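First, one chain by itself: the form predicted alone, in structure tokens.
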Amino acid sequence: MDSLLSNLKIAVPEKIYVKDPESSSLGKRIVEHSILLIDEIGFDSFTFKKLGTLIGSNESSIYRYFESKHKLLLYLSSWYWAWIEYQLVIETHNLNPFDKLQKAIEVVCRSTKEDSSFSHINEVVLNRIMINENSKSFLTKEVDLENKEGYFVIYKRIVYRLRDMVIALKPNYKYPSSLASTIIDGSLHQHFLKSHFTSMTDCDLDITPTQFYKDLVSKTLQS
């Protein structure tokens, strides 16, 4: 998988950014250090001024790539889901319907390991941002407009892939889309609970969100 990913460029919807950060060393530094800074201080405290100070660049130079920190968060979220989608496609190829769905659950729910194919992005840290901050990318007044503009197309595509796997395994199941979106969003939430509200989840050092959702989906589709 690593060799395949190394030949692929993660594609993010163009409307999210002003200038593609992948097109220059400064753009890559903006992405790299924004991930580290958001992880350190949180998205609410994050500003382009602080990021500019960190990378030794003018705040105005960051606006040449992203018009707001909200658009930057949308970029990071889209990049993450595109990276997950590549793994999903590769690792579920040529599997039977049951194994395909089980592997897909594993891909979207498992703990993240750093991918050396993208040296300027720390996927482990980005995963923490997704767990802690991802909802802020769509819980806004502009979500419907941004959805029409295609900002969430990659995220939705993963939901559709899981939905189709559910249908392939059990065509008469009434709620394939709801189950698919529950797996994806619920996994992030279980990881959050595991770290911050341990009394509200059974996931711990021994029980993973992957195990929980594999068990839940298997029993749901058997009934």
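Throughout, we count residues from 1 along the sequence that is shown. Please read all numbers here as calculations on a predicted model, not as lab measurements.
There is another form of this protein, the form predicted in complex with the DNA, and it is not shown here; the text below is about that form.
Asks: Is Tyr65 part of the interface with the DNA in the model of the complex - any heavy atom within 4.5 Å?
Replies: Contact with the DNA, yes.
Asks: Would you classify Arg163 as touching the DNA in the model of the complex, given a 4.5 Å non-hydrogen atom cut-off?
Replies: No, Arg163 stays farther than 4.5 Å from the DNA in the model of the complex.
Asks: Wondering, does Thr198 line up within 4.5 Å of the DNA in the model of the complex on heavy atoms?
Replies: Output for Thr198 is no: heavy atoms all beyond 4.5 Å of the DNA.
Asks: Given that the partner is absent here, does His191 sit within 4.5 Å of the DNA in the model of the complex, heavy atoms only?
Replies: No, no contact at 4.5 Å.
Asks: Pick the stretch from 31-39, 45-53, 151-159, 172-180 whose residues have a heavy atom within 4.5 Å of the DNA in the model of the complex.
Replies: This holds for exactly one stretch, 45-53.
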